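Okay, here we've got a single chain as structure tokens, the form predicted alone, with questions on binding and movement later.
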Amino acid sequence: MAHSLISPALNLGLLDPLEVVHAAEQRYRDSVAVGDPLPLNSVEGFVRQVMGWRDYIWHTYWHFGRDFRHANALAAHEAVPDWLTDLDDGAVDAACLSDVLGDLRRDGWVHHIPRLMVLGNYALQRGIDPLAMTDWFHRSFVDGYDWVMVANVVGMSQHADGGLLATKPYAAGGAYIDRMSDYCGGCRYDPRKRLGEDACPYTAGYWAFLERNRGRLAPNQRMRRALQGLDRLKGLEEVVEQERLRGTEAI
């Protein structure tokens, strides 16, 4: 987690990424020398994010140029809702979204996984305009530099570039959030349900997202199995209508 926690200092130039990488490597070697090695996968993941992903995003930003921010391959045009603009966690019942919004309002920062898994996933499912969502991330996060947010939000989070940066949309239902976090246990929504008052908005929203973008995503081989699941899903029309009515209301 620490690599995104230090991202404000990195983006401000207070920390040099290469110095951070060397320090992490030396800490690992020191731990090995005293017979208490740090987990190699943890150190490697940290180094890969600081040295690899940041560099990739930086070069992606400049390579694709100024027009990249206007990409909208999934034709998403919904406005950012007021409750999201205001970081109003009290207006939201979904435990994951409420918790993340509360942390963001308090700290101006949340870890990169909630950014993708909760915030970006919501916007992607609900068809919020990617440029407006990029602006929201830019204004809401203390590490929200333009080169960071444009590539990460337009490409990685909203798949608005049609696959130039990442090969498939970062869309997932409530079961994924449940598996990757501890949010769902006390939530009023059930991640296993897609219809009804206690149906998880992320679970239902995932299927509505796939149905809305079926034609656009059909050429993507990585989406083949997910799209095939649409044809086997019971009550798909009801799910789509339920989520159309829900729209971008606070969930």
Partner chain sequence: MPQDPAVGHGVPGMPRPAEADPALAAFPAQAPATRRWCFADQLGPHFLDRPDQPVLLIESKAVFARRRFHRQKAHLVLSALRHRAAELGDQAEFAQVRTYAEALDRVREPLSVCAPTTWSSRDHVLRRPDLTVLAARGFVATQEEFAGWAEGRGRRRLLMEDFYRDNRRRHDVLMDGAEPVGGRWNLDHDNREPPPSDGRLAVPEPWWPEEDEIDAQVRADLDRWAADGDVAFVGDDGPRLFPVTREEALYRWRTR
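The term rigid core refers to the maximal set of C-alpha atoms that superpose within 1.5 Å between the two forms. Model, not experiment: these values are computed from the prediction. Numbering follows the first chain given and starts at 1.
Just so it is clear, the following notes concern the form predicted together with its partner chain, a form of the same protein that is not shown.
**Student:** Only one of G215, G196, G45, G185 has a non-hydrogen atom within 4.5 angstroms of its partner chain in the model of the complex; which is it?
**Tutor:** Comparing distances to its partner chain in the model of the complex, the residue within 4.5 Å is G45.
**Student:** Would L97 count as touching its partner chain in the model of the complex under a 4.5 Å heavy atom rule?
**Tutor:** Although its partner chain is absent here, L97 would stay clear of it in the model of the complex, with no heavy atoms inside 4.5 Å.
**Student:** Would R54 sit within 4.5 Å of its partner chain in the model of the complex, counting heavy atoms only?
**Tutor:** Looking in the model of the complex, residue contacts with its partner chain include R54, since a heavy atom lies within 4.5 Å.
**Student:** Looking at the partner-bound form in the model of the complex, is D16 within 4.5 Å of its partner chain by any heavy atom?
**Tutor:** It does: once its partner chain is placed as it appears in the model of the complex, D16 has a heavy atom within 4.5 Å of it.
**Student:** Contact with its partner chain in the model of the complex for A160, defined as at least one heavy atom pair within 4.5 Å: yes or no?
**Tutor:** Residue-level check for A160: yes, a contact with its partner chain.
**Student:** If you look in the model of the complex, which residues in 19-36 sit within 4.5 Å of its partner chain (heavy atoms)?
**Tutor:** Those in contact are E19, V20, V21, H22, A23, A24, E25, R27, Y28, R29.
**Student:** So that I can tell if R27 moves, could you say whether its C-alpha shifts by at least 2 Å between this form and the one not shown after the core superposition?
**Tutor:** Shift of 2 Å or more: yes.
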